[in-house]
Ligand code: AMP
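Listed next as structure tokens is one chain, alone, in the form predicted alone.
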Amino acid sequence: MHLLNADLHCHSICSDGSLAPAALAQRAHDGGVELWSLTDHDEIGGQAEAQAAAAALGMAYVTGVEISVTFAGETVHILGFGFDPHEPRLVQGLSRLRAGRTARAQGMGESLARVGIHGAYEGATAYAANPELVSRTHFARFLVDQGHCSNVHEVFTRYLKEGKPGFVPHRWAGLGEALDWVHGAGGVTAIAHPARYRFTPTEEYALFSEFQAHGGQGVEVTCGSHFPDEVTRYADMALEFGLLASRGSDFHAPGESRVPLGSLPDLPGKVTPLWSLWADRLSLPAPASAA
């Protein structure tokens, strides 16, 4: 049975990636991706370019976004797919989130200045194509280029994680609110990279339970930050909660991302792929049957 090479998680210069949507489409196509989605952080401005580029390459495409949510005091990312990018409530909700990002970025610049790193906000802004979406990744690239750290990972460890000098807490969208935006625009939702969140088992169970109760449909099982044992764990949780399984590299930039577009391992055979929802509409090959 054909196993579809789907990559439903990556970022362009419209948020914190380093490539334009069309260049990402080409990279995905070159990597053998058959179904692709651009999922910028709280931003859907790159969707038209991404969709047009995918169509020109003969690659199936679904609209995408990665929405920042606050749950149990942690930042959680929710992926949305297959929505109408012009739906007013979704557009307005994401706009409010981007406004909050600006205030957070300014606070990060002030915090870094207090430990002797001056001009970080202005420096990070220079790396961002969209001034509304200055992120920790942009700060990290600036600090690496200024010689404060040797790589992006070191910047996050020394400066940008909770408890470090450049960390600024922020309250994002509520879980139900974010899901409502996507579902109201005709889309489906999935929990992104669940292994990355610092939840207790009880908190994680609460996240999955509340996500399911709000009509969430999927979870990212295979992704760039999941190790094999985590893939197995979240495949089991997908089955436990009746969720479909998604797959995405979380690609940001050449040389920064752990997994190139199109190079992820397949989903475990026991789960049902999220893209089974779109098989007829996108003329996708039939997915492998769950074991």
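Numbering starts at 1 and follows the sequence shown. Since the structure is predicted, the reported quantities are computational estimates derived from the model, not experimental observations.
One more form of this protein, predicted together with the named molecule, exists but is not displayed; see below.
When you look in the model of the complex, the only residue of Lys161, His86, His118, Arg96 with a non-hydrogen atom within 4.5 Å of the named molecule is Lys161. This chain lacks the partner; the member of Arg104, His214, His183, His148 within 4.5 angstroms of the named molecule in the model of the complex by a non-hydrogen atom is Arg104. At a distance of at most 4.5 angstroms from the named molecule in the model of the complex, all three residues His41, Ser135 and Phe156 contribute at least one non-hydrogen atom.
The named molecule in the model of the complex comes within 4.5 Å of a heavy atom belonging to Val152. Within 4.5 Å of any heavy atom of the named molecule in the model of the complex lies no heavy atom of His226. With the partner left out here, the named molecule still marks one of 205-213, 78-86, 96-104, 184-192 in the model of the complex; by a 4.5 Å heavy atom cut-off that stretch is 96-104.
In the model of the complex, His252 is the single residue of 238-254 with at least one heavy atom within 4.5 Å of the named molecule.
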